[in-house]
Ligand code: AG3
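In the block that follows, a single chain appears as structure tokens, in the form predicted alone.
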Amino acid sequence: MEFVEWYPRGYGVGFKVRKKLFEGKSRYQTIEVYETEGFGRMLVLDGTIQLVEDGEASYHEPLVHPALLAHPHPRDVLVIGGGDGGALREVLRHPEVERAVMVELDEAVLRVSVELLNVGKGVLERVLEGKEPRAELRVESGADYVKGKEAAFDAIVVDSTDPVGPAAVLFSEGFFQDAYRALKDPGVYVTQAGSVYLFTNEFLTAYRRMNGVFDRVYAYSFPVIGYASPWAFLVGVKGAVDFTRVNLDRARALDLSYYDPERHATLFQLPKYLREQL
């Protein structure tokens, strides 16, 4: 069998699969888990590939570590989304982080991830059992959670689905304003922003909205296994955070596999047409 996720204009990303392990419908979306032929288990939400176990770090590392390594002291971190546990796992690899709050809308995704996926490396289980003293899990809307927060977090990591359906609000100007207020000064905000080539308009819209809220906005991309790569990311900063530089001393202790802090500048290699529009 095979599973193909179709993008605009007839472009697809596919995997050979041995069998479907799970299919169910939550309040918000359809959840599927497949056993792939060569990449471990695969999580699919509403027909969209979220990750494959063998390669998911190619997304979670560039999502989390550039932002946290650019911040001078990321002690309090908020993760919005990321129900598979991968983003929270990477956040907790930083010993400077004293408190990590993960806010996931869909409890069913958490349950399926714990039962069928090996992504959080036990992090979700420990949090659910109250055995992870640095982390807190809340099942609610991330957009609602940040409303009214003032200078509560050094970093906010948004690991959302694409900007349609339940996740659309996470790409709105109102949400960016709430997130900006929830950041301390200095603070850093990072979100995934879709396929560079195939979601260009959505990427540019999010960039322009963020640019009207944050002090500075940076765009970068990374090749992600299972996605229509290169995949885009957007960073908004508050105060004195220079996202063009990262702390290499802290980075060396992380022993990363995909994102290379010593080649941080390569993140900003965007297509000429896109750079001109930005």
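Here the structure is a predicted model, which means the values were calculated and not measured. Throughout, we count residues from 1 along the sequence that is shown.
The same protein has a further form, the form predicted together with this ligand, not shown here; the description that follows concerns it.
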Contact flag, I49 vs this ligand in the predicted complex, heavy atom cut 4.5 Å: yes
4.5 Å heavy atom contact, S160 and this ligand in the predicted complex: yes
Heavy atom of F199 within 4.5 Å of this ligand in the predicted complex: yes
is_contact(H60, this ligand) in the predicted complex, heavy atom dist at most 4.5 Å: yes
Interface segment, criterion being heavy atoms within 4.5 Å of this ligand in the predicted complex, picked from 41-49, 235-243, 249-257, 23-31: 41-49
Listed residue that, although this ligand is not shown, lies within 4.5 Å of it in the predicted complex (heavy atoms), from F222, Y218, F214, Y227: Y227
Residues in 1-16 close to this ligand in the predicted complex, defined by a heavy atom within 4.5 Å, in order: E5, Y7
